[in-house]
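Presented as structure tokens, the chain that follows is alone, the form predicted on its own.
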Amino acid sequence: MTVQGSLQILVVLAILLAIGIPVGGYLYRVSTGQRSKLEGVFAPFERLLYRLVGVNPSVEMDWKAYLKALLLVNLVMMLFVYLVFRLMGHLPLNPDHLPSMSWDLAFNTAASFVTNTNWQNYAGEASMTYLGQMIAITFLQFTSGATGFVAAIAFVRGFINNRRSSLGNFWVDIIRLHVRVLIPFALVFAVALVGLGLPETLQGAQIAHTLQGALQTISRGPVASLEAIKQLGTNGGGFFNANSAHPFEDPTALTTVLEIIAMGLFPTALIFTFGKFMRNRKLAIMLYSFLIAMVIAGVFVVYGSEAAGNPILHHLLGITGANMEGKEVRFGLPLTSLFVGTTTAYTTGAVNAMHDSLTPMGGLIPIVFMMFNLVFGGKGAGLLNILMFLIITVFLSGLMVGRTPEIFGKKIEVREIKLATTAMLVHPFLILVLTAIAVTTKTGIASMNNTYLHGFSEVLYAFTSGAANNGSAFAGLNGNTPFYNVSIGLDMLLGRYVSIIAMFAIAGSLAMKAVIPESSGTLKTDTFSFGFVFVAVVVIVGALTFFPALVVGPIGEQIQMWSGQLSP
């Protein structure tokens, strides 16, 4: 670790904060229907889309109607892209004559991108046609990210409503978000990426003659447009198999800085949007302070571990220095470590290095971030998880002082805590149960290219990534089998929608409650002392739930590495 490298990390995060605060204000104005300076541009498109969908924008929805519309739209989108994947070998925009997907891979990919996970059991340049990349992959990278965002905003409305059942209008929210936020931001970012060297073309692969006289096939396509929404939408699915380590997706240190800022922009901004909804700036500052502290701590653990290198190589081969295996020299170790931390903290899933080649302690951090699933988290979904743990923290605090717990002026009763607990438990249940099934069955073990502790870590990472809707992976596991395609597909679907359903039920319950005036006995949720309790609850729950599995995986590997032992 160096001072210069540490400053690189801190400066990038400071820039992210500086941009995130005003963007948070803009997201608040969009979510509350305030007029924009570009109203004459945005409003006509919105009215056209309302007519096409057949929606009256003045009609409000309660939690059941809002949730029904959200789930129905996601189901239709999943079925549509599944058919695209099954038929794309026979459809246009296939200059490289790629075949259609098998049923299990098509199911996994459709489930992956509709849930904003973007897990890929295929190599993009060798398996996905341009039509599939644009009308299925890029399309869902807009709509799935928007789904999480509007779900979070609808939930927040449940907090601020006073005996009013409406959570807004799903169609208005999702159309307004696309027209006023996602499309303009992605368009500007895509143009910037093209200017920095990313390709954007519908021409097929280029055949090049090397200096040695051989022929080399260079894949290309509409890369910049996918890369822009991939990062802004906290999606992560790469156009190429190497993802953001590929020079066509992330050619320079400057582009990797921009991509880090892009993936963290909306999750960071939403914290300040939430503060504006609650009319409590101190609350936003408190949440941001603790969350960014967790990110910084995790990133520096990765940085320090990778900079220290592998003591076994030092001892046996005399190789000293940092662990650069699986990393791109053009990024450098600090930006690579920051990318590793932010892509899993913000549950984006894009990678600019091979996570499977990280040291065990370096690989522990992305797993832990995904297990917590609220260190900012994905756009919208992360805020939902933060609010879920805030409810649980307030409940536990109320038990300790003997008061009926309340949060933001709403009493937390049996129904709300049962639903919040359900939303919390589905995440570890999916991770641990599916990992146990995979490592105890012949079908699951057959896909493991590594055995012993690291092989277990690869399987644990896969199901953690799926349940957290992250999409990154330890690459030693062959996931393109019917067993893993189906199991990880179900992992992603249940991890996404069970918690959303439970949180919407909480929102509906809270919306109908009267706001209780603040009194001397009200638990302050915008203080740093409460923030410490909040983090303690997250860490304790995470440790009690996941520590045994982590000991068998990356922690055991780290101890083994320190002792100089090689895996059998």
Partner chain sequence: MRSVWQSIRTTIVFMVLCGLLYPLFLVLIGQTVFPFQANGELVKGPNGAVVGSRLIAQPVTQPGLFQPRPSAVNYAANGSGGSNLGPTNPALIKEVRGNILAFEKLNPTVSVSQIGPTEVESSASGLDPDITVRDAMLQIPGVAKATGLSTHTLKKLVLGHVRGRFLGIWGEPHVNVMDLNLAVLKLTHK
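Quick caveat: nothing in here was measured; it's all calculated off a predicted structure. Numbering follows the first chain given and starts at 1.
There is another form of the same protein, the form predicted in complex with the partner chain; it is not shown, and what comes next is about it.
Taking the partner from the other structure, the partner chain in the predicted complex has no heavy atom within 4.5 Å of any heavy atom of Glu413. Of the heavy atoms in Leu254, some are within 4.5 Å of the partner chain in the predicted complex. Proximity of Gln560 to the partner chain in the predicted complex falls within the 4.5 Å heavy atom cutoff. Interface membership of Asp104, defined by any non-hydrogen atom within 4.5 Å of the partner chain in the predicted complex, is ruled out.
With the partner omitted here, the stretch from 423-431, 342-350, 326-334, 486-494 that lies within 4.5 Å of the partner chain by heavy atoms in the predicted complex is 326-334. Proximity of His209, Leu316 and Pro360 to the partner chain in the predicted complex is complete: all three residues have a non-hydrogen atom within 4.5 angstroms. Listed residues Gly89, Gly304, Pro247, Pro482 were compared with the partner chain in the predicted complex; Pro247 is the one with a heavy atom within 4.5 Å. Pro199 is the sole member of Gly398, Pro199, Gly444, Gly275 with a non-hydrogen atom lying within 4.5 angstroms of the partner chain in the predicted complex. Contacts with the partner chain in the predicted complex, taken as any heavy atom within 4.5 Å, map within 425-450 to Asn449, Asn450.
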